[in-house]
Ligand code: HEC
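This document opens with one chain alone, in structure tokens, the form predicted on its own.
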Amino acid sequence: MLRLLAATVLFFLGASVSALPAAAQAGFPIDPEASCVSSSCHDDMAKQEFVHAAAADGEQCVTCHEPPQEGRHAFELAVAEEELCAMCHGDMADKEYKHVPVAEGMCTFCHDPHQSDNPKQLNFPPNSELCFNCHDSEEFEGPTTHGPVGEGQCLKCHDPHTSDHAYQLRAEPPDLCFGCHNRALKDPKGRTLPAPKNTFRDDTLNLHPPFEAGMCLGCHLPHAGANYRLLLEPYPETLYASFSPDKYICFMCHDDEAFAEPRTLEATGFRNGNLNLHYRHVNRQKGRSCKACHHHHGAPNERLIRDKIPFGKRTINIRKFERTQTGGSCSPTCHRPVSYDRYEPVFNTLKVTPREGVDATPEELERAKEEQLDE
């Protein structure tokens, strides 16, 4: 790769005199007062839309090129290649994280030193077409693509030269992400995405710990991926889904044991006696996905319990959620108010599907209460 970079730089700059034929190295007589850009010499210069100021009129060529022998058409760079651009443009690699061509002084790998039809005299359009000369385009493709990536706008997130942030990011997450996600946006299917920044800044909400820590990349990929919302692992796109642990990114951190058995005295606190209410809601052919009750970023209730649930094009409410020391109660639109208690099971007059397993005995509940409340 470096050999390719060097060859490209050599092509654009004509920097190596030794690479020229002997006759050209010797040069031929020139009028030192004449412009380098004329009908008889370098007449193709200054013809494209974006022209380097030093090459605009043929009068400042000696800023970069100088003849080792006065009056002869044979030139070498005024200073070493890696220092030449810095004479005018300063040090473009003065921060901790540097783009490799910049760090190696290979400015002309991306920029033409004379002229171009692209802004900044770039050798290619200022989008992913330029970046994919080095970066593998396949790594930025997938069923789900981040908006800026899909538009080829790499520079929305990355500085092309140098940065104080890894990967030459323009800022650290979440501030980088909130540069766009500070307002409602539309996804490719036309669905409105709320502004996560509003949730992040809302002191009245309980936040998901990774989100509260600004760890957007703990759950999401920045470029492209196979999963809904660019998640690192799968997650159901719909409110209802048949259950399988491998369908939920949540189990990267949370123990799936809470969803594995219909009865438990330990795996979850969301239980009525030993009736596992997580299992009842989720582990079924038409199970509720986690989003039916919990918000992935933040919610007004403990345990990230929502007060509103997306339901197709509608929104339904959880009118009230209350948590007690040994249980809780909720009153969602989807069913009448219900309560649960881990050690003194509540009888709810609610029509339900048959309950799997066997109720714990009072002795088992009392023993679990003593063990757990003492912890």
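The first residue of the sequence shown is number 1, and the count goes up from there. The structure presented is a predicted model; accordingly, all values stated were derived computationally and were not measured.
The same protein has a further form, the form predicted in complex with this ligand, not shown here; the description that follows concerns it.
J.: Using the partner position in the predicted bound form, report whether residue 260 sits within 4.5 Å of this ligand, counting heavy atoms only.
T.: No, residue 260 sits far enough from this ligand in the predicted bound form that none of its heavy atoms falls within 4.5 Å.
J.: Spell out, yes or no, whether the shortest heavy atom distance between residue 53 and this ligand in the predicted bound form is within 4.5 Å.
T.: Close contact exists here: in the predicted bound form, residue 53 approaches this ligand to within 4.5 Å, heavy atoms only.
J.: I'd like to check something about residue 343: if you look in the predicted bound form, is any of its heavy atoms closer than or equal to 4.5 Å to a heavy atom of this ligand?
T.: Residue-level check for residue 343: no, no contact with this ligand.
J.: For residue 268, is any heavy atom within 4.5 Å of this ligand in the predicted bound form, or not?
T.: Close contact exists here: in the predicted bound form, residue 268 approaches this ligand to within 4.5 Å, heavy atoms only.
J.: Can you pick out, from 275, 205, 106, 241, the residue that has a heavy atom within 4.5 Å of this ligand in the predicted bound form?
T.: Contact with this ligand in the predicted bound form is made by 106 alone.
J.: Which of the residues spanning 135 to 166 lie within 4.5 Å of this ligand in the predicted bound form, based on heavy atoms?
T.: The stretch touches the partner through 135, 139, 140, 144, 145, 146, 147, 148, 149, 153, 154, 155, 156, 157, 158, 160, 161.
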